[in-house]
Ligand SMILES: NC(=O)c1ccc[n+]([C@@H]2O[C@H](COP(=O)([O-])OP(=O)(O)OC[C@H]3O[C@@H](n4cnc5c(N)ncnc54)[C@H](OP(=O)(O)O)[C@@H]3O)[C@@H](O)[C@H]2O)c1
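Coming up is one lone chain in C-alpha cells, specifically the form predicted alone.
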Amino acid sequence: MKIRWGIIGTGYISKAFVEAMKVVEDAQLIAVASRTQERANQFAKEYGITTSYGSYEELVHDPRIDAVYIATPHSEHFANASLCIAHRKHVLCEKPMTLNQEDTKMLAELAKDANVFLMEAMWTKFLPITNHVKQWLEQDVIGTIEFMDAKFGFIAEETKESRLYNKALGGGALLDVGLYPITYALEVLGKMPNEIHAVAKFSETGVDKVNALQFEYEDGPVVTLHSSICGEIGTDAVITGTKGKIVVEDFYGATKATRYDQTGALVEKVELAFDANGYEYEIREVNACILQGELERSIHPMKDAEMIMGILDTIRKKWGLVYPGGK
C-alpha cells in the first residue's frame, strides 16, 4: 500500500521534498497546489505531477490524497494545517509549525480530535548521522558533556521583498534557522535549560538577522547557539565531554561525524550517505505511522514541537519581537 501525497507550496524546499520522495517506495505524489494555477502548473510540469491546483482548498477536497506536505511561509502554516486537518488529511508541516506555542498546541488538539497524523518536518532528527551521534552519547564515549556549541548561518540579501526579512511572514534568523541548533541541543542533552539568555541584532524590517543564545543548566554543560541570515557563521555542532568531543559537520543535514579523544586525537570518523537528499527519512517515518495507524512517533512527537515553540516564544519575548497578528 502506498501513501498518496499532496503538496501545498511550490518553493525550493518542496522541490527537495519531491526529489526525496522518488526513493520512498510506499509514497506516491498525487497533486500539488499553489496560490495561482500558473505556479502549480509549472511545478507539476517540472516534476511530472499529473494534477495541479490553483488553490489549497481544491487540493484538500481531492479524495485520493491521504497526506499533505505543507511548505508555505511560516505565517501561513497554522491556516494551511488547520484546513488539511479539517478535511481529514494527515499533515507534515514545515518548521516552525506555527508562529507561537499556543497555535502549535491548538493544531495538536485539532489533529487528535480529527484522528489524523500531524508532525513538524524537523528532518534533522531523522538523519542516520543524528542517530549515530546519539548512540555515541548513550555509549558514554566522550564522557560527561561539559560544553556544546552549534550554529547555523548564511547570507541573505536584506530587502523588504525577502521572505526572510518580512515580519508579516514570520521572518528572521530565529524562526528560520535558529530552531535547528535549539532542537539539536535539546535532542543531544535530552532536557530543557533552566535559564535562557539571548541577544540579537535587528534588521530595518524589525526581525532578528543574527542572534546568540546561551542555555544554562544547573550542574550541566555550557551551551552556546547562534543563527544568522546576514553572515556565514558556519553550520557545525561541537559536543565536548570529559573524555573527548564529537564534531558534526553541517549538523542540520549531516552525513558525517567525527570523534576525538581528550587530547584532540582522531578516534573515529563516520560517514553515512543519504539515499536521496535527507528528506526521505522523515517521509518514511510519516508513512510508517499512517500505515500502522499511529498518530505520532517518539522521534519528534508534538510535545517536542510545542516545547521548542515555547522556547522561541520565550526568546522573542525577551527581545520584544512580535509578529503581526501574533501572540
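In this text the structure is predicted, and so the values were computed from the model without any measurement. Numbering starts at 1 and follows the sequence shown.
Unshown form predicted in complex with this ligand; subsequent notes refer to it.
Contact with this ligand in the model of the complex holds for none of Lys151, Ala212 and Thr224, as no heavy atom of theirs lies within 4.5 Å. Residue heavy atoms within 4.5 Å of this ligand in the model of the complex occur in exactly one stretch of 185-193, 216-224, 130-138, 117-125, and that stretch is 117-125. Although the partner is absent from this view, Ile85 stays clear of this ligand in the model of the complex, with no non-hydrogen atom inside 4.5 angstroms.
Within 4.5 Å of some heavy atom of this ligand in the model of the complex lies at least one heavy atom of Gly11. For Asp103, no non-hydrogen atom is located within 4.5 Å of this ligand in the model of the complex, even though that partner is not displayed. Although the partner is absent here, Arg35 is a contact residue: one of its heavy atoms lies within 4.5 angstroms of this ligand in the model of the complex. For the options Ile142, Ala257, Ala200, Leu169, the residue carrying a heavy atom within 4.5 angstroms of this ligand in the model of the complex is Leu169. In this stretch, 36-51, the one residue having a heavy atom within 4.5 Å of this ligand in the model of the complex is Arg39; the partner itself is omitted from this view.
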